[in-house]
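Okay, here we've got a single chain as structure tokens, the form predicted on its own, with questions on binding and movement later.
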């Protein structure tokens, strides 16, 4: 699995310069809008989207078919992609937190920027994206990267729709959004994302074991 993971990271190295440019543009855009909480959120979005790049490279050269001629099991093919997703996920969080800390250092006192609020916002967006990608990865393994792209918007609409529905349900019940309620909601979201991630892995392994290339 280590060799497969290194292969994916080497492929992503081809877009390293492009990624730095994207992050610089995002930072400049946040400064222009004076919306510094946007940067940590966008870093996690961009880092997760790099998963599409890695899987598109494999599909373009039919790598999975070649990999099965090597001493590599189907379970390892799936596990590598989920480990890569976690690497990209935590890398996006780390870059977002570092960027948020820099924005707080330079603009926090003048713009009322609160570092804790940025961290909570980043954690919430991260949980949503991990949940969405947990749903999407089995679809990619089943249908392929190009066909799975059609489901991307639908999945995010459903996930964010459920979140919006939950917020409206709380408001209709007359509950106030206190710090405790927000912490509980974030914790529940993180727990749901973790559970869905492991469930997604098992589903993907089952799909790949039955798949014929």
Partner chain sequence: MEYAIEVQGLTKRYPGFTLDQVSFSVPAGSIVGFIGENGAGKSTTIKAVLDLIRTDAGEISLMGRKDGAAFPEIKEQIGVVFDESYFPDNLRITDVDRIMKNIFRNWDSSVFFSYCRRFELPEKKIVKNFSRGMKMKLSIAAALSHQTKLLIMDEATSGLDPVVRNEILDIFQEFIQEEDHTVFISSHITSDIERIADYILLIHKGRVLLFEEKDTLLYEYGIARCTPEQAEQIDRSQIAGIRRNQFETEVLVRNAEELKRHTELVVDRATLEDILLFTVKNQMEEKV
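Numbering follows the first chain given and starts at 1. It should be emphasised that the depicted structure is a prediction, and the values quoted were computed from it without experimental measurement.
Not pictured, yet referred to below: the form predicted in complex with the partner chain.
Segment assignment from 147 to 155, 54 to 62, 22 to 30, 41 to 49: heavy atom within 4.5 Å of the partner chain in the predicted complex: Going by heavy atoms within 4.5 Å, the stretch is 54 to 62.
Does any part of residue 10 reach within 4.5 Å of the partner chain in the predicted complex? Heavy atoms only, please. Contact check for residue 10: yes, within 4.5 Å of the partner chain in the predicted complex.
Residue 14: touches the partner chain in the predicted complex, heavy atom cutoff 4.5 angstroms: Result yes; residue 14 sits at the interface with the partner chain in the predicted complex.
So in the predicted complex, is the partner chain close enough to residue 188 to count as touching (4.5 Å, heavy atoms)? Flag for residue 188 set to no.
Residue 3, heavy atom within 4.5 angstroms of the partner chain in the predicted complex: Yes, residue 3 sits close enough to the partner chain in the predicted complex that at least one of its heavy atoms falls within 4.5 Å.
Looking at the partner chain in the predicted complex, which residues in 64 to 100 have at least one heavy atom within 4.5 Å of it? 65, 66, 68, 69, 70, 71, 72, 74, in sequence order.
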